[in-house]
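Let's start with one chain on its own, the form predicted alone, as structure tokens.
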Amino acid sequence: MSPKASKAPPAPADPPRAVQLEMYYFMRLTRTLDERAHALHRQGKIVGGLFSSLGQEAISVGSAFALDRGDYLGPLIRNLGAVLVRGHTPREVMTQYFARATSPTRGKDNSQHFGDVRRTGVVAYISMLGTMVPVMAGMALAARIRGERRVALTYVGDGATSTGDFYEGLNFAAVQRLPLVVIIENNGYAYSTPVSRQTLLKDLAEKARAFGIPGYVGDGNDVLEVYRMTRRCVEDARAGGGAQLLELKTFRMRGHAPHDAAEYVPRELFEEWARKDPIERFERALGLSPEERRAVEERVQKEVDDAVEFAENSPWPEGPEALRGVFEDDSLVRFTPWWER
């Protein structure tokens, strides 16, 4: 396979319609959770970091469906959909946003920095851009050492492809021929910097040439294309083809976070990408009946309402909880208040 960026790698077949309906459900669940979280943030009930995946649901859901159960996934801040597909619940997500004692981090964080390697294969996200590439290369290497045929998949934004960690991690994975799939979620802006001000490359997947690995380009707002291309990369990586680089083009339909009004983005770009909305496109492709659509809406609404109620009624963490779970061995962390010393 040529390392040159390509638009048309051979693709597996589409999943059955029943699976596609589940993909649609997860896209709708992702968006509804996202919209509810932003409403709660404006009410002051959620504070701190909150990052939207509005308009990018197809990449998270399509790529997560392309993995096998035992594979590893290292999400980015805009991959809420992938985390849900892998088995984390709306209650876990909402309690995490509320930083309650019932959350996956037991209140130590209120952003999407959580996972569960043993249960869901999700490796908790690290804030530093590009750093998940060497981390997930390490997960792939560890699986190989244990004799397991697991694939590791992670995401980077367009901006992270200019970081040292991206180059060092992907080069290590390439040289070691590790089963690592890196998806570039090219949403047009690295915070306020457009891609055109970051690189002269037309396609970021062309960077695959530097590592001697395959690089592909796809439509990130077409969930079935995302599934097919990711599935092909996963199969090739698992079969011994080594690291794979897949660029999926999409658009960030909000600012970097709630504090950012994205006034640096031309309005016509929002209008152009609104017409490419991944959920509306998938609804048309599926040819949903009114009953099917209503059933998904009711299921999603019920689960999100339950998650918000559960989070709001959950207790705050006790102070000593901050010292637990930091290391595998809790005895390594000891703190004695000054008044007790």
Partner chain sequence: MPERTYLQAISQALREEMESDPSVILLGEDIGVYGGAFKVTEGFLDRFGPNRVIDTTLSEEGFVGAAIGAAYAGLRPVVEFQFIDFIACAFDLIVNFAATSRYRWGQGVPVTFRGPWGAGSRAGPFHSRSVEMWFAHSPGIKVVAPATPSDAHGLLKACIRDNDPCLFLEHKYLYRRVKEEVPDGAPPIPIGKARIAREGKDLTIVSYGMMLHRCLEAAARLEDVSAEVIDLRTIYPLDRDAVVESVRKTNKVMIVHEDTRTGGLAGEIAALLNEEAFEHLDGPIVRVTAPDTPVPFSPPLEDFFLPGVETIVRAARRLAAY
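Residue numbers count along the first chain shown, from 1. All figures in this text were calculated on a predicted structure; none of them were measured in a lab. Rigid core: the largest C-alpha set superposing within 1.5 Å between the two forms.
The same protein has a further form, the form predicted in complex with the partner chain, not shown here; the description that follows concerns it.
- Residue contact check for G325: one or more of its heavy atoms lie within 4.5 Å of the partner chain in the model of the complex.
- Although the partner is absent here, G138 is a contact residue: one of its heavy atoms lies within 4.5 angstroms of the partner chain in the model of the complex.
- The partner chain in the model of the complex is not approached by R228, whose heavy atoms all lie more than 4.5 angstroms from it.
- Looking at A101, you'd find every heavy atom of it more than 4.5 angstroms from the partner chain in the model of the complex.
- Comment: 107-115 is the region of 107-115, 188-196, 235-243, 260-268 lying near the partner chain in the model of the complex, near meaning a non-hydrogen atom within 4.5 Å.
- Although the partner is absent from the chain shown here, none of P15, Y24 and L54 has a heavy atom within 4.5 Å of the partner chain in the model of the complex.
- The listed set M132, L248, M94, V181 contains one residue whose heavy atoms approach the partner chain in the model of the complex to within 4.5 Å, identified as M132.
- The partner is absent here; in the model of the complex, the one residue of R144, H256, R209, R177 having a heavy atom within 4.5 Å of the partner chain is R144.
- Contacts to the partner chain in the model of the complex (heavy atom within 4.5 Å) from stretch 167-189: E168, G169, N171, F172, V175, Q176.
- Shown in the overlay between this form and the one not shown, fitted on the rigid core, is a CA shift at L21 smaller than 2 Å.
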